[in-house]
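Taken one at a time, structure 1 and structure 2 that follow are two forms of one protein chain, written as structure tokens.
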Structure 1
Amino acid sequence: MSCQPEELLICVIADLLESDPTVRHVAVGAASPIPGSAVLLCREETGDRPRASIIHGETNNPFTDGAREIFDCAAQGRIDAFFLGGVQIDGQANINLLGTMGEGGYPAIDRRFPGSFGSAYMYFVVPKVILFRPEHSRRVFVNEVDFISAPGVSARDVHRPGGPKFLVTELCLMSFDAERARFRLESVHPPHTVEEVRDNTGFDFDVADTVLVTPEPEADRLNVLRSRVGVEIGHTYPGFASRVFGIEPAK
């Protein structure tokens, strides 16, 4: 049974969550249907974890006071995993959510984006941050970000219980070593290659001794995605559920 590219990414993220028994509560930010689906798939497959807090709409959103509640929850150590992305991401896992530099440098901004909001805060306090950026190109993965909205690593004397652990893109899965401040290529999604990942990445990275080919989802897993998970995520992202899973919104 063939799968959609989005379904493969959902399964990659779900595997990262399922393999870590310390992940009991996962929060997912707005406009994140792929991570949201991954959390729901993980919960379906484990039967009891993780608790899913999808900060968009009302379904699976326990917070009634917006950002203040989720920030308090994270500060108290009650969120184990979170997802972040960026307009740009560099080899030290710095992310840029502000914009890209114009000619002549700062303060000239070529393109302006919504901004950092609580990204730096969550980056520092949530133990397992998974960077997620579907587009894998040198426009996104740069040698050095134009602005640091949230730093990937901190000095040794800075208390930082949180930080990046993995990067998931349309081409591959990478892990991140905070001690060395470097990414390592772990697996490549079919039909892509290691050379394609290198060609589309603007920073240097390590390569595992054996780079795996990301396994495609089995039929049973796809059936769960296209039924129970698809229906549930469809309450929050009806357009996504229709396009990817073929599930039309309930009338």
Structure 2
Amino acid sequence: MSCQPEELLICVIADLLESDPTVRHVAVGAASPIPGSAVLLCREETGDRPRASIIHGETNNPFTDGAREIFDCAAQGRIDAFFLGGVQIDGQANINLLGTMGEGGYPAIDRRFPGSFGSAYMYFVVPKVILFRPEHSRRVFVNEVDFISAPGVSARDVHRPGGPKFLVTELCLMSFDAERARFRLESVHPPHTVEEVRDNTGFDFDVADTVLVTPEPEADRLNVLRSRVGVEIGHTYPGFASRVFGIEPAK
């Protein structure tokens, strides 16, 4: 069964969650349909894990203490995994969600994006942050970000129970080692190659002894994704569900 690029990425992320039994609760922020689908897929496949909290959603939303609750909840250690992206991401996992800077740097903005959202906080308090940025190019994966919305690593004396663990792009899956402050290439999505990853990455990274070929999702898995998961994620992201899964919102 042929698989769309979004579907492969959903499965890659779902595998990162399924393989880690400490992930009991995952929160998904605004405008995150692929990570959101991955969490729901994982739950369909494990039967119960993880609890998925989709903020701003009307379903799968346990929060009744207002917009601050997700942040408090994370600081309490009750959220095990979260997703962040970036306009730019550098080799030390610094992320920039703000934009590219003009002459002299911030606040002179060259190209502005929405902003840092809760990244400067969630990156510190959630144990397993998965960086997710489909576009894999030297414009995104730079040697040094123009603006640090949230730093990849912190000085030893800074209280930081959380941080980046993986990076998922349209080309590959990388892991991140906070001690060494470096990414390592773990698997490459077919039909791409290690060289292609290297050519399109502006920072230096390690390469696993055996770089895997990312497995394509099986037909059963795609069926679950296109039916139950698609309908559920469509409640929060109707445009995405329509475009990727062809599921139109219920009237």
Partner chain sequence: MNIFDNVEALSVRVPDGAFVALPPEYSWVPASLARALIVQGTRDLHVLCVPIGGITVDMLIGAGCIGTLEAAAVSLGEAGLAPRFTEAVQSGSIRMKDSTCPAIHAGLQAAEKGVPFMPLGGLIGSDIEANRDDWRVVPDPMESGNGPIALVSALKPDFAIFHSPKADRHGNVWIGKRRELMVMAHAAKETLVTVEKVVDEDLLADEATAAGTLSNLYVSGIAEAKNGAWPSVLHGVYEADREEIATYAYEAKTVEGFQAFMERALTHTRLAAAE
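When a residue number appears, read it as a position in the sequence of structure 1, where counting begins at 1. All values reported here derive from a predicted model rather than from experimental measurement. Superpose the two forms; the largest set of C-alphas matching within 1.5 Å is the rigid core.
- Annotation: structure 1 represents the form predicted alone, while structure 2 represents the other form.
- A displacement of less than 2 angstroms separates the C-alpha positions of residue 179 between structures 1 and 2, with the rigid core held in common.
- If you fit the rigid core between structures 1 and 2, you'll see the Cα of residue 104 move by 2 angstroms or more.
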